[in-house]
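For reference, the chain that follows is the form predicted on its own, supplied as structure tokens.
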């Protein structure tokens, strides 16, 4: 796979729009907590109050400021997506590169392990693991997701590695005396870097979705907050039925916008890299 020039990628309107939205979301997560006088679990004295100047997104049944919860929760969700996506991508890329390049028994063993993880329902495995860990923070949830979300990445990277290892530049590198690890790092990986970026984007969004699923089941962070936790509490305490739309809609809308932005970037990059989709 060819390298992807940044200018060519940014020329795609989907990539530009997606990146702009992501920058805005990251800016909200970075600056938002400094624009509120409350922490995510600070009692404000107002219970179920609608949006006002003091509480831009109102308060919930517990008297917590929803705006404060959302901006802190956005930080948590982005952290889960980033950490979980990085872990899953690193494991998947490492296993896929080793399996595709080494071949033989090593390939069979690594793919056997990968296939075992693939046939196990990921969400069910996440639920079992999370249920046995009483204290769960953002880091623990990210680790759980990352350690279970890598198999499809490994298979995809292996397929690309099998294709690249038979190219002339790899044979030249072997004749030059380069070792296998050096060839993987300096010759094969740079030629699939753009694909790895796309894989990470998918893993980033997938980690956020998996986290929301765990949060809805009550298996999310126990010592921190995320958008999924806010949604779970809003649903559990009948926010919509009670007319407190400001409790349920903002976190759900942010998750939808975030995932849409990631989708736009990913499809835009696919259009740039795939000759059949390139306009």
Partner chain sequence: MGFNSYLAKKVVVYTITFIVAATLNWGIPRLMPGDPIGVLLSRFSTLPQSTEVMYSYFMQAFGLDKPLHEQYINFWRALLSGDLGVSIYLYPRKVEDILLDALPYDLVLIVPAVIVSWIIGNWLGALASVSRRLDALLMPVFYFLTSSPYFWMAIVLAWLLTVVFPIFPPSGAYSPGLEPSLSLAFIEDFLMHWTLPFLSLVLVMLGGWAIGMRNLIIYEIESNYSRYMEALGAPRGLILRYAFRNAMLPQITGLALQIGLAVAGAITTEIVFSYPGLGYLMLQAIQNQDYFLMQGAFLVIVIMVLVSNFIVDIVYALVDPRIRYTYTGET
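Predicted model only: the values in this text are computed from it and were never measured. Numbering follows the first chain given and starts at 1. Take the two forms, superpose them, and find the largest set of C-alpha atoms that agree within 1.5 Å; that set is the rigid core.
Keep in mind that the form predicted in complex with the partner chain is not shown, yet the notes after this line are about it.
Taking the partner from elsewhere, residue 64 is found to have every heavy atom lying beyond 4.5 Å of the partner chain in the model of the complex. The shortest heavy atom separation between residue 118 and the partner chain in the model of the complex is within 4.5 Å. The shortest heavy atom separation between residue 10 and the partner chain in the model of the complex exceeds 4.5 Å.
Contact annotation: residue 257 falls within 4.5 Å of the partner chain in the model of the complex, judged by heavy atom distances. Remark: none of the three candidate residues (99, 172 and 200) comes within 4.5 Å of the partner chain in the model of the complex, counting heavy atoms only. Contact annotation: the partner chain lies within 4.5 Å of heavy atoms from the stretch 216-224 in the model of the complex, the single such stretch among 216-224, 65-73, 30-38, 50-58.
This chain is displayed alone, yet in the model of the complex one of 185, 159, 133, 109 has a heavy atom within 4.5 Å of the partner chain; that residue is 133. In the model of the complex, the partner chain lies within 4.5 angstroms of at least one heavy atom of each of the following residues of 173-212: 209, 210, 212, in sequence order.
With the core held fixed between the shown form and the other one, residue 218 has its Cα displaced by under 2 Å.
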